[in-house]
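Read the single chain below, which is given as structure tokens and is the form predicted alone.
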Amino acid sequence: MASLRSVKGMNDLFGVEALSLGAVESLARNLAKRWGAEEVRTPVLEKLDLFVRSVGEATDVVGKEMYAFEDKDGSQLCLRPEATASVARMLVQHGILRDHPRFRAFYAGPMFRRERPQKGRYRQFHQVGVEFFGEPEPSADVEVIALAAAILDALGLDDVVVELGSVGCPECRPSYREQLVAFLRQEADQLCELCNQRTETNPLRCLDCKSASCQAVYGDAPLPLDHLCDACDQHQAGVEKGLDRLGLDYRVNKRLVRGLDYYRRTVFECTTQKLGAQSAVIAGGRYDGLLGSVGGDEGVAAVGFAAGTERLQLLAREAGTEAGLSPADVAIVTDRNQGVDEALVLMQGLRASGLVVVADLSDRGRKAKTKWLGRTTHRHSLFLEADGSARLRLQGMETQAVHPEIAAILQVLSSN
């Protein structure tokens, strides 16, 4: 019978991979707390309509990448491809903003998209992110960008560039969209097939095309930042002023767009060249009105970002700040299966003292146990002999103790 393997693009995590992924999440979580965010958790399984209504039916995420299926009761469900819409749904469903009209959320967990697996991008991947609700001021955008920069700084990155733009709002975007579509139709013969498809469904995404020939055409395209209404223009100026006051480096990018429909006004990406070609590792922006698409108040402001945890993990590895497996404080070996009860009592006391303890209490011989000890990363080792004595090795020092003197052994280990 053939052995079973994990689904393509969905990886098992263990050892250093699991540890360092958790360390990145913990780093982001602790920094988000400093910004006043509290952790939330939403289900990985949601109703399909949640993402159709919020993310947009014409987006690649909804149209091509979601894992969607019909449940036994006939309802259409999917594995969440991102978390912002889920957090918005949670706030509306539970009326959280009634008691907390300005609510800051942090999340971490797995997302699912059926795209081609590549380095740092998988079909089951993990994200960390923050969402600030009820804060329409440009200062909220500045705080979100500052938090994103703080996470990357804590990971040891020294080449981060913040790309900053704006995609306008429902007041100014329709007229800009008309101009952009007219331009795209005029240049249709020069554009790739995907851009011609997007012209009618999601024209802003054309500006993000990776084709060199398309980018040559878009040098003359109308750009969103040049067609903002006065309110959007003032908001953009406020964000730039705030970033200047904080001394955060940024670059205005008139072509910057996002792939999801719910974005309004501010959009940004934190890019680095540590993973090869320049690429975004944290991306986000403002999505005022998102709650309206999931049954809430259309007037609620929102801004935030998301980051692929696996990509942050790769960056930490590149910068030499990736978390590694820590050695156990003490490894305990018994003489075959002698003294197991005493060893269990000793281990319980050591662990209660805050130490990490591993042990081989089996009936294997000394040779096999010595090999196990050699493969186990630890600071100290303790041999419990059949005659009731104990041999303690403290990083090169060796001492002898009578086995009943467990309190003394505990004191020695706890102080080292």
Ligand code: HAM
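Please read all numbers here as calculations on a predicted model, not as lab measurements. Start at 1 with the first residue shown and count on from there.
Only in words, not in the display: the form predicted in complex with the named molecule, which the text now covers.
**Request:** Within 4.5 Å of the named molecule in the predicted complex, counting heavy atoms only, one of 122-130, 185-193, 72-80, 225-233 shows up; tell me which.
**Result:** Single hit among the candidates: 122-130.
**Message:** Quick check on this chain: which one of 272, 313, 334, 84 has a heavy atom within 4.5 Å of the named molecule in the predicted complex?
**Reply:** None of the others qualify; the residue that does is 84.
**Asked** Of the options 317, 258, 255, 173, which one has a non-hydrogen atom that comes within 4.5 Å of the named molecule in the predicted complex?
**Response** The residue from 317, 258, 255, 173 that makes the contact is 258.
**Prompt:** With the partner left out of view, is residue 308 within 4.5 angstroms of the named molecule in the predicted complex by any non-hydrogen atom?
**Reply:** Close contact exists here: in the predicted complex, residue 308 approaches the named molecule to within 4.5 Å, heavy atoms only.
**Asked** Do residue 115 and the named molecule come within 4.5 Å of each other in the predicted complex, heavy atoms counted?
**Response** Residue 115: yes, in contact with the named molecule in the predicted complex.
**Message:** Within 4.5 Å, heavy atoms only: does residue 168 come near the named molecule in the predicted complex?
**Reply:** Flag for residue 168 set to no.
**Asked** Taking heavy atoms only, is residue 323 within 4.5 angstroms of the named molecule in the predicted complex?
**Response** Heavy-atom contact with the named molecule at 4.5 Å: absent for residue 323.
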